[in-house]
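The data below hold one chain only, encoded as structure tokens and taken in the form predicted on its own.
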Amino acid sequence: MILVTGATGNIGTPLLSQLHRHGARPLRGLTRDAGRAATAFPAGVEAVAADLARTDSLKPALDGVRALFLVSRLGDDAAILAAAREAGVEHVVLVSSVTVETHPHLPAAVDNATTERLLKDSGMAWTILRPTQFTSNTLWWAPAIRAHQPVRVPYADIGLPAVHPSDIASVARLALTEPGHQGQTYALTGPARITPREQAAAIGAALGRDVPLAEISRAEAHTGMAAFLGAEQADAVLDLMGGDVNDALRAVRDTVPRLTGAPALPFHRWATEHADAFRP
């Protein structure tokens, strides 16, 4: 049994689909609303309700599970890993972050590094995925684009190799179902650096209209972000967007094509697939 947590999320949705398409059975998807998820999951995938923030709710979901896909920092990772070990899980594929390598001083990177160490010390086999920023992060712009307002961003011309969540899912599928990936840590990026200005243009091309972009200062961006992220997290996000980029964060890795045998998916592919999210 393979259990996919976050089964209706940006990575979990394509991962379940890919696992099912490649014949991985049995499959179980964890979600907070099993009834709604069951209608969206591929036929034969078991939907189970649980909350990663409530470890006591995980016991039924973990029953009989051999391999677990887990996105870090969605609950008490130490308790989740302990519950998985107690349930007899043999292998955990963990989504961490490339910032463990590139910006180890940031609070979220410290948390991810701690979870990585907990997994390595757990006695279970492990594979760690360290993606860079997701192409899907631009969904933050959707309200402005739907309202035909400018996308307001700092660091508009700093390019980073954003990764398509489906590529993360592709590597996760291999790690969950094929030999040779246990004990491996994989940094994952897209095929090329892309700036926010170029991302806005790609979304505009997918919509068939211009998407205006207005570059704002770090201070302006921080004010808006701090309202829902908190001041410290807003500073960290802004560092990663352009305030403190380094060669390691900007590096285009060959991990996706090397492991999957297919080129990493470009941002314009994601924009075309998700154009409806930006339409009124």
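Numbers follow the displayed sequence, beginning with 1. Note that the structure is predicted; figures quoted are calculated from it, not measured.
The protein also exists as the form predicted together with a small molecule; that form is not presented, and the subsequent description refers to it.
The three marked residues, 6, 96 and 131, each reach the small molecule in the model of the complex, with a heavy atom inside 4.5 Å. Taking the partner from elsewhere, residue 74 is found to have a heavy atom lying within 4.5 Å of the small molecule in the model of the complex. Among heavy atoms of residue 36, some come within 4.5 Å of the small molecule in the model of the complex. At a distance threshold of 4.5 angstroms between non-hydrogen atoms, residue 214 is out of contact with the small molecule in the model of the complex. Taking the partner from elsewhere, residue 137 is found to have a heavy atom lying within 4.5 Å of the small molecule in the model of the complex.
Considering the small molecule in the model of the complex, the lone stretch of 222-230, 241-249, 60-68, 45-53 in range is 45-53 [heavy atom distance within 4.5 Å]. Checked against the small molecule in the model of the complex, the residues 11, 256, 19, 271 give one hit for a heavy atom within 4.5 Å, which is 11.
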